[in-house]
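The form predicted on its own is given below as one chain in structure tokens.
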């Protein structure tokens, strides 16, 4: 899938649905994606997605639930996501190739589907933490997970900026990379370990950057978004 300019995805991770909807409303005139994560989805459910779509039907929505279960259950969940009319969602590559293939086979029956990405290594991991769980260094395992996802027919992966170029070299330049942990103006890393700037993301041919706290903690989130979009 060929993509053009790097795109911005704003994380709706505020404490209440009302705050998230207010943030979305301030961004109606901006060409951005909105990320709905686990916290917001569990708290506010499908109604929250519909409320975002009602604010602006042109908003593109990334449902960030990171599905991870047995293959058939993941495929069932993916089919349920189809009813929500979101534009992108993700699953865990570590669920295995059979799970990823089962999801994509199930979705192949639909005339139109969202982008499906596989999570490689969470950006909250440092090398020691990742090694303890996966028995491998981050770069090698992210490459392996990405190759599995590519061979399973997915559209791309969630990774850090530092793995993007390598993953594209192993798969295809049009294989999508989405990178969390972006700190556009040198903000604190908080609970992320592998953070990067917009310039670094551009250099590594990233397709989507996800920005959360630097936007929603700002006094003027729309102004911050405009500033980021100019950098893209």
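Remember, it's a predicted structure, so these values are computed and weren't measured experimentally. Positions refer to the first chain, counted from 1.
This protein has a second form, the form predicted together with ligand C5P, left out of what is shown; the following refers to that one.
Residues with any non-hydrogen atom within 4.5 angstroms of ligand C5P in the model of the complex fall in just one of 105-113, 75-83, 144-152, 122-130: 122-130. Proximity to ligand C5P in the model of the complex, defined as a heavy atom within 4.5 Å, singles out one entry of 210, 21, 224, 14, which is 210.
Mapping the unseen interface onto this chain, residue 64 counts among the residues with a heavy atom inside 4.5 Å of ligand C5P in the model of the complex. In the model of the complex, residue 158 approaches ligand C5P with a heavy atom inside 4.5 Å. Remark: residue 35 counts among the residues lining ligand C5P in the model of the complex, judged by a heavy atom distance of 4.5 Å or less. Ligand C5P in the model of the complex is not approached by residue 60, whose heavy atoms all lie more than 4.5 angstroms from it.
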